[in-house]
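Next comes just one chain, in structure tokens: the form predicted alone.
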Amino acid sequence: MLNSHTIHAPQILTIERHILEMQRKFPEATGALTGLLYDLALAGKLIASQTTRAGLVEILGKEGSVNVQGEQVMKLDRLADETIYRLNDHTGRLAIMGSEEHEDPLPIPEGYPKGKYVLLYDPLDGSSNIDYNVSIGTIFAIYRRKSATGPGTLEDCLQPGRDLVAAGYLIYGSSTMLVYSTGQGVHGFTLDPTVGEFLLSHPDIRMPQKPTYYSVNQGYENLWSEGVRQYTYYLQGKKKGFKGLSLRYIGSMVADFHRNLLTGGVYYYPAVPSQPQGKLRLLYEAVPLAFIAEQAGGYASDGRRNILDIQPESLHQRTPLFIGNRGLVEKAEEYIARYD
């Protein structure tokens, strides 16, 4: 028999319930975005189920083909790409999709209804690390279509980050997490494998004001511009007025960004002479993470302007990227303006 004392159980909030509660703030919402986000969470569960078994099944190594970026396609790359596409191609929520793995936009197959949203995704960021058990991730961006009706168009995909409806990422590591924003703050969910659900673990994430780490591939230092080198000296504490940060670099962008989101810091991948436009993909990597960073109080720049203000000109456009605490990214812009 229960006594009269009140029982205080910890609140358990699934990602589905959280998305639905966020939807209630918009009475005009139809539920299509809610369903789309939940399908991306489902895709994350399916991909995570394979990444955690990668050493036990025949899904390690290269597939044998080369993607549009000129990179060797890993077997898990292909699995993740097909999982996301097939979970979303028939729902009636999307007009068109775009994947980092494909040169052209991915149309919705004939016979299925066309929706009002556009999904762009990097199915498996950091896939070169798959065979070495290093954290990898999935990045996604969601827009409203610009075209009125019918199949989606390339122009529907080429929208600036300011037009984003939602963005997020999944990280597959010691645990699987999904972090997303619909412009109402940033929220993180951890997959509980015992119940197969993403549970709210990091509500309303804000980037700490006091940064801890800087993240960059310092092996390329001899190729950097003078502005980037001087900025790095600043981060190392070699300039007056700044104590300096510790270097942490994993080499999987999602993992480096995720750590700095929670601890404070800056990640950057500057242009080099062999890649004057930068290496990272504007639409699939830079823009969605810039959206998350800004919603968490941070900032992202190509070294001269806000990433979210760039009008994309091509589906696989590349960009330099500086992303993290606002003060640190603005300092990068300052050094680049001064020396470059």
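Residue numbers run from 1 along the displayed sequence. For clarity, every value in this text was computed on a predicted model and none was experimentally measured.
Keep in mind that the form predicted together with a small molecule is not shown, yet the notes after this line are about it.
Annotated contact segment (heavy atom within 4.5 Å of the small molecule in the predicted bound form): 122-130, selected among 108-116, 140-148, 227-235, 122-130. Not displayed here, the small molecule is kept clear of residue 242 by more than 4.5 Å at the level of heavy atoms in the predicted bound form. In the predicted bound form, the small molecule sits within 4.5 Å of a heavy atom of residue 217. Within this chain, residue 81 is remote from the site of the small molecule in the predicted bound form, having no heavy atom within 4.5 Å.
For the chain shown alone, residue 285 is a contact residue for the small molecule in the predicted bound form, at least one non-hydrogen atom being within 4.5 angstroms. Checked against the small molecule in the predicted bound form, the candidates 280, 47, 37, 300 yield a single residue with a heavy atom inside 4.5 Å, and that residue is 280. For the candidate set 169, 267, 189, 172, a heavy atom within 4.5 Å of the small molecule in the predicted bound form is found for exactly one residue, namely 267.
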